[in-house]
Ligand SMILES: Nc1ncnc2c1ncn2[C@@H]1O[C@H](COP(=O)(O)OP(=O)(O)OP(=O)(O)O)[C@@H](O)[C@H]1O
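Only one chain is given next, in structure tokens, and it is the form predicted alone.
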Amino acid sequence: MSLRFTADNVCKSYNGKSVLKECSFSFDRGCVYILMGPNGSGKSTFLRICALLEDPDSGEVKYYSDTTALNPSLPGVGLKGGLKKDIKLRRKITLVLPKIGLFNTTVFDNVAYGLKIRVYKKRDIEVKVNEVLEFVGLAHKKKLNALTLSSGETQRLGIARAIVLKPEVLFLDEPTASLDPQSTEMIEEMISRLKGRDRMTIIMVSHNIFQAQRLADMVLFMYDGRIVDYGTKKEFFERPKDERAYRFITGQMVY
């Protein structure tokens, strides 16, 4: 795994309201980053822009493979090879949203879909899907209709669909929101194992302070569209530099 990326002065507005204001950060490979902050601070918008699902109004996101800069934007006419490079880059990154949209078919076929459209051989699909379903604890339900799964199982299936493609960067938008403690524990264990097994870079939005303490290598704190504090897990929770971050982690901020 060698992909890393940098957000450089990213700004975004919706209907004249500024949502992101000059957000900059460099994400290294093989780490777990947790984005925290009150509701409306811009976390999910920043995540979608970094995942190349939305364009910023200004600023840019730059991806690098080793020392080679990759082009994350759709190319203009005449940019030879640009489209192929863009598709190749986008296949290295995956975003899992809070609400998982499932196909009305089996658990197995839901996970296999991304491999089929990439024209993997049938035998390779079977091996990869079975391996991933075992990893997320759903192997015993692979023949069931995905729509019959519980909320925790559905979230695990969503992650399975993402990681079967072996992305180098995995974006997770509140993957354990509204889940019971047992399902939350299972997903956290999966995230820890992914980092250890595949050296995957994971960028995750979470409101759960204790979850960030368990999982994060680095914590970024966003407030009013800006990244106002960041640090290693130890630095952030023991010595926050920003007063708003201190109020958030000590429970003094109402949001």
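For every residue, the number given is its place in the sequence shown, counted from 1. Since the model is a prediction, treat every value here as computed from it, not as a measurement.
There is another form of the same protein, the form predicted in complex with this ligand; it is not shown, and what comes next is about it.
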All of 213, 247 and 252 within 4.5 Å of this ligand in the model of the complex, heavy atom check: no
Would you kindly say which of 86, 168, 153, 174 lies with a heavy atom within 4.5 Å of this ligand in the model of the complex? 174
Heavy atoms within 4.5 Å of this ligand in the model of the complex: which of the stretches 55 to 63, 38 to 46, 24 to 32, 192 to 200 has them? 38 to 46
Even though the partner isn't displayed, in the model of the complex is residue 239 close enough to this ligand, meaning a heavy atom within 4.5 Å? no
So, in the model of the complex, is residue 17 in contact with this ligand at a 4.5 angstroms heavy atom limit? yes
Going by heavy atoms, what in 197 to 221 lies within 4.5 angstroms of this ligand in the model of the complex? 207
